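Given next, in structure tokens, is a single chain: the form predicted alone.
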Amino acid sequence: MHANQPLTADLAEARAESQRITDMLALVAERVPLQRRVVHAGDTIYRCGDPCSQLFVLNTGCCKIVNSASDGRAQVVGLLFRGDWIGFDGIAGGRYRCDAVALDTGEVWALRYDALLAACAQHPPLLAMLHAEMSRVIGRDRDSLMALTTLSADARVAEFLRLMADALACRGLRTDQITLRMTRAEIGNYLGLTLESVSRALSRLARQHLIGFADGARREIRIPDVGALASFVGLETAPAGATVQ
């Protein structure tokens, strides 16, 4: 994009969100004592049942949140990126209710919960920021539930890829090609689909030229137009006879 070209609404929104994340991380680093930890794919940040004495913020990398049942069933319930907070679920009961597992190499900040509360009492903007982050988690969970209950298999996969691209855009990263950090089985688990359904959906999206594959393992996904993915999802959710803008 040339310097004198106006920003599109989507690009301007992504840049604003990227700046918000940068400002939030700077505020946390300035006001709250923290421990920095480098994690690699497969490393556990915390386990279900561990005492909740800390909250965590992703400075770089991404992680998945896995909910486990007493009978051994496991469900991927969240996919988090730079600037996302982890561990809110453990505050009420004093123990984490899920596993948090790194999906690639990154840095996690650990903040003692009592130190965070003390810092919030001394600096109200920090408290307002914490409440805003909690609100974002609630909204994200609501949107995920809506997608699971209203979209077809193809639209769920398209929406998953679109949300990944949007998350990367908001962190200043490329969106025309993304790396799937989860296996097809994990993506299916997250979306309420079988591994086979995910694979078939990806193939159908590729045949419609909404995505492409950049490697033989099909883990590198090319997205020529994120807006086209959004339009596809919009068509899937539009009431019969409605016109999608």
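Residue positions are given as counts along the sequence shown, with the first one as 1. Here the structure is a predicted model, which means the values were calculated and not measured.
Keep in mind the form predicted together with the DNA is missing from the figure; the text below concerns it.
- Scanning T60, T44, Q35, S203 against the DNA in the predicted bound form with a 4.5 Å heavy atom cut-off leaves one residue, S203.
- In summary, among the residues A169, A153, L163, L80, the only one with a non-hydrogen atom within 4.5 Å of the DNA in the predicted bound form is A153.
- Candidate site formed by F88, D141 and S144: none of these residues places a non-hydrogen atom within 4.5 angstroms of the DNA in the predicted bound form.
- Although the partner is absent here, G216 sits close enough that one of its heavy atoms falls within 4.5 Å of the DNA in the predicted bound form.
- A residue is said to contact a partner when one of its heavy atoms sits within 4.5 Å of a partner heavy atom; R31 fails this definition for the DNA in the predicted bound form, lying far away.
- Within 4.5 Å of some heavy atom of the DNA in the predicted bound form lies at least one heavy atom of S197.
- In the predicted bound form, no heavy atom of S68 sits within 4.5 Å of the DNA.
- Only one listed stretch (22-30, 182-190, 48-56, 35-43) carries heavy atoms within 4.5 Å of the DNA in the predicted bound form, and that stretch is 182-190.
- Contact residues in stretch 77-111 (any heavy atom within 4.5 Å of the DNA, taken in the predicted bound form) are absent; none meets the cut-off.
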